[in-house]
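To begin, one chain is listed below as structure tokens, in the form predicted alone.
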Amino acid sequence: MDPSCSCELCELRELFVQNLDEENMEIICSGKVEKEYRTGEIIVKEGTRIQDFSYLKSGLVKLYRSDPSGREQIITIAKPMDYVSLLSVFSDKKYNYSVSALEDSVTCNLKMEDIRSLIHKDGKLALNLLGKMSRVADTIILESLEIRKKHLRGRVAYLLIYFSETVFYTKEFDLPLTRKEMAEYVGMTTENVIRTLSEFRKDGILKIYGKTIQIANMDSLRSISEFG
């Protein structure tokens, strides 16, 4: 087997390696292509034909749709070990959303025809994929409902905690979203996001140095997220 397809620390190991024999794994490996993207670069364009089964190997990306006026609506943010093509890949011939890099990112791309062929032959693989798709859909729905039930300050607090505890695992990080993108994600205006961040800074909850956010009082931020 191609040594470049070892899939260490990758969910492809769980999804493919354990479930496929060497012959079928060789099919996956021989068709695997890694692609690099710079911050802001489009990875998937809404309306384009689906040809790859894509997996985020490193970096951070946003999945979003654009309305007729060009305004973006962010669906979710994907981090390493997430599939970036599951939402449309088996339900349509074209992508129903776009994906762009929030930071320098690398995707692992597999041939769609290879994946479809393996699914037809391997029921366990098909069930694993269905489970992953369900978890992605559940996460998007639950996050959306959680954000919608909060007031303005609570939404911003929720997003900051998400980046701190789910994405970067630290209280100090470079915010990967612009203020406009934050507003699109939580359903607010850009002005409201800017004002809320300013209030958090004045209240000593945050320290802000350009794009760098330092959470100075996590307890207060968590309280605002929960009750705000």
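So that there is no doubt, residue numbering starts at 1 and follows the sequence shown. The model shown is predicted, which means the values in this text are computed figures rather than measured ones.
Omitted from view is the form predicted together with the DNA, to which the following refers.
- Between the DNA and the residues Ser30, Ser58, Ser198, Ser66, the one pair within 4.5 Å by heavy atoms in the predicted bound form involves Ser198.
- Judged against the DNA in the predicted bound form with a 4.5 angstroms heavy atom cut-off, the residues Thr178, Gly187 and Glu191 are in contact without exception.
- In summary, the region of this chain contacting the DNA in the predicted bound form, judged by heavy atoms within 4.5 Å and restricted to 157-165, 37-45, 179-187, 50-58, corresponds to 179-187.
- In the predicted bound form, Leu152 approaches the DNA with a heavy atom inside 4.5 Å.
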